[in-house]
Ligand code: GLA
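First, one chain by itself: the form predicted on its own, in structure tokens.
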Amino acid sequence: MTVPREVVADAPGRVNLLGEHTDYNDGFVLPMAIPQRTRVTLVLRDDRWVSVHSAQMNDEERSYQLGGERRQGAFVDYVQGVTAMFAEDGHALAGFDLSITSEVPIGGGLSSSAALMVAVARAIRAAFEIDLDDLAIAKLAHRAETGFVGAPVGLLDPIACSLADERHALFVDTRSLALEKVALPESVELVIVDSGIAHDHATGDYRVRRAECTRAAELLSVRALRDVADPAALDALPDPLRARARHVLSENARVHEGVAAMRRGDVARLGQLFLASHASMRDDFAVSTPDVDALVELAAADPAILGARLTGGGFGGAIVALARVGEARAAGERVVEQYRRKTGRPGRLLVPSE
């Protein structure tokens, strides 16, 4: 079989319905794919060099040599991380030129980095005829982001970008990696609004929250916070560890209850869980911001919306809201306009997309 000289691959961004900051605590998550995608075109070379061009990064171009991957503090690190992991797993690659275009907003809490890495890994899989399933692709992308880029993220993002679709939520046990698709009830649609506040998981308070969870688990003598059987045990923790752990336990419970609500079509309860999740992220996990809180409040007050919450790791990014079917676009446009007037920020409606 002739190996193609040019390969095109893509991967979607993702929105998380429930289950925030639970993945690195061995907990449960409930993401879906979104229409926005990252696309890459890979053209093989006859040497060991990789050249990467991104339309989103001011048409910047970066290059490196295979086997000589070194962090550059730029978008190319996500590509370098992927090729480094393929090499670590014993796969021999040749050089290539890579062109990237993306509709997934950077820093929007919708997994732009995971979408990029999954798309690159898919292109490499096809170009070099490597036998990897989509779960293995997700695991490789996760290793690339944590081990090479240095962002202490969990498995939620790459699993969602590799395995989720736009009509079903992916119910994932991040410890066992058991996966189940759960249909979004037909009576509702999602609304996703970008707050205009970018975040960065490779730096900042995200890693502080992860360290706090690790410390809380150590003090409770459990492998991970998901293993806490009695919520009363949290009373032994000092603040803010008690609050961080309380969020993780309550959020895991909300994922299970959200799945049950989706199965029985109880969209009112699902909307209530969105609101409870946001309150927990704001008060117990302290990852929201005043403007994001305002965006959630505006969405929740709209008559067509049943509930809203911050989605993604926090400190900015996007919100997800649950709207009655047929009313999502109008509701989203109302919320964006009110948000712009209230905060002066250029909020943007991402879903429903044009």
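Numbering starts at 1 and follows the sequence shown. This one's a predicted model, so the numbers in the text were calculated from it and none came from an experiment.
Separately, the form predicted in complex with this ligand exists; it is not shown, and the next lines address it.
K.L.:
When this ligand is placed as it is in the predicted complex, which of 308 to 316, 47 to 55, 66 to 74, 293 to 301 ends up with heavy atoms within 4.5 Å of it?
P.N.:
Contact criterion met by 308 to 316 only.
K.L.:
Just give me the single entry in 245, 141, 156, 119 that has a non-hydrogen atom within 4.5 angstroms of this ligand in the predicted complex.
P.N.:
It is 156 that has a heavy atom within 4.5 Å of the partner.
K.L.:
Does any heavy atom of residue 19 come within 4.5 Å of a heavy atom of this ligand in the predicted complex?
P.N.:
Judged by the heavy-atom cut-off of 4.5 Å, residue 19 is in contact with this ligand in the predicted complex.
K.L.:
Give a yes/no on whether residue 171 approaches this ligand to within 4.5 Å in the predicted complex, heavy atoms considered.
P.N.:
Contact check for residue 171: no, nothing within 4.5 Å of this ligand in the predicted complex.
K.L.:
Examine residue 206 and determine whether its closest non-hydrogen atom to this ligand in the predicted complex is within 4.5 angstroms.
P.N.:
Yes, residue 206 lies within 4.5 Å of this ligand in the predicted complex.
K.L.:
Using heavy atoms and a 4.5 Å limit, would one call residue 24 a contact residue for this ligand in the predicted complex?
P.N.:
Yes - in the predicted complex, heavy atoms of residue 24 and this ligand come within 4.5 Å of each other.
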